[in-house]
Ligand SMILES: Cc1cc2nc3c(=O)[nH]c(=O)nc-3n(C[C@H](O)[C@H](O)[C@H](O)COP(=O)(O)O)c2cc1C
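Next comes just one chain, in structure tokens: the form predicted on its own.
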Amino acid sequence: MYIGQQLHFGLFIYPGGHHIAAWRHPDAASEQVTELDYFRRCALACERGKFDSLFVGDALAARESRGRVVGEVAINNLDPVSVCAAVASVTEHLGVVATLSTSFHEPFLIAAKFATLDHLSGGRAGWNVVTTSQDQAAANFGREPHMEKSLRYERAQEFVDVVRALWDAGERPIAHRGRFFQVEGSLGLPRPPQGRPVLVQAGGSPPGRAFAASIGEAIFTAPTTLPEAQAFRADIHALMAACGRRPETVKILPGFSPILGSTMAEAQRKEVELDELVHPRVGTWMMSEYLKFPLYDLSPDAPVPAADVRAANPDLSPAAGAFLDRCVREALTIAHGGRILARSRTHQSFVGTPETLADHMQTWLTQGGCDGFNLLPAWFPAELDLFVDEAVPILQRRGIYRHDYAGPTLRSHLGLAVPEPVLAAA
């Protein structure tokens, strides 16, 4: 915990909203999710709220169950780099973070895309570095089924090394010979304005955490309780120290999905409205996919079969394991567990007033649970506007959130220095 630390905010924009049924809500602008104005309005709200960045995810395969496409959302994500470029053109300060996978792209292409985005935005670009584990995605790219997890991260580490070398070298050529990649030549571009676009990561498994600690400058994570968040942050800082990195060179931002009302009763009414929009089969589908265990033939009122799930999947992800523990601890039925997943996609959900939200965020900040939050509004744009206009002023009055931007780049928003170039041998 750092004395005088202030909150950082990113917005994770998701078509229709982060509640799985939000696209059905009458206040959600679901019919606009392929239009520039939808993203422009959300971006301008973020900039009004002095957010660090707008974060765009990626989807490399349609969601399927038993051979059927079951999206149950407004749409899959649009191309993230295109969205970020469009958003950068209508804002002046807001950082733009796009997700692209190391599993199905090439280092030169990624380096060129993000160097271009950083130049065009005046130094506001970030890359959310992910690996992909979906066999459907592999099939879409004409690849073999996905790599084993530790190998995926080993490949991703070399991938990032090549990308950083290309950014550092600018117009000079590199000559990389590695286990996974052989890359010669240069981008033919000046070094990006930030030196390197900001690297974002979201590792939760042991290999993912190690990867995040080695390269991440902002880490998107998913603890739902303060003790979990404190333990995650302490673990990341310890892993960073082993890599020779200082803890202040990373910002840890848990996902946070608020439902706000002027009173607690109003917020709870909104929560019930959203939950009633979830079809039971959608919750069952989400749980089956998340736990990698078929629940379709069980009664929605049956308890979650935790023992059977663990026996079938001894290597569940840490987040899925924590959710399964909650199912046991709270004796959740399949229907109830599905509603929880529908509400926040396993991230922390919050129901309350702007004042109680400020209390909650201040506690997490001052007790060492995070450096800020990646905001996941239930739907867009109204719930984002509510957070910006009602919660942000409270946090500013408490002195734990900025009143204005300190500089023009994403690195300046995050308090990160421009890295010195480490040039690869030509």
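Residue indices: 1-based, along the sequence shown. Since the model is a prediction, treat every value here as computed from it, not as a measurement.
Keep in mind that the form predicted together with the ligand is missing from the display, and what follows is about it.
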Checklist outcome for this item: Only one of 50 to 58, 364 to 372, 381 to 389, 23 to 31 has residues with a heavy atom within 4.5 Å of the ligand in the predicted complex, and that stretch is 50 to 58
Checklist entry - Within 4.5 Å of the ligand in the predicted complex, heavy atoms considered, which of G126, G216, G338, G203? => result G203
Checklist entry - Which residue, K113, R196, H93, H347, has a heavy atom that falls within 4.5 Å of the ligand in the predicted complex? => result H347
Checklist entry - Would T102, F181 and P421 all count as contacting the ligand in the predicted complex, using a 4.5 Å heavy atom cut-off? => result no
Item to check | the ligand contact at P354 in the predicted complex, heavy atom, 4.5 Å | outcome: no
Checklist entry - Is there any non-hydrogen atom of F159 lying within 4.5 Å of the ligand in the predicted complex? => result no
Item to check | Residue contact check: F293 to the ligand in the predicted complex, 4.5 Å heavy atom | outcome: no
Checklist entry - Can any non-hydrogen atom of S121 be found within 4.5 angstroms of the ligand in the predicted complex? => result no
Item to check | in the predicted complex: members of 219 to 248 within 4.5 Å of the ligand, any heavy atom | outcome: F220, T221
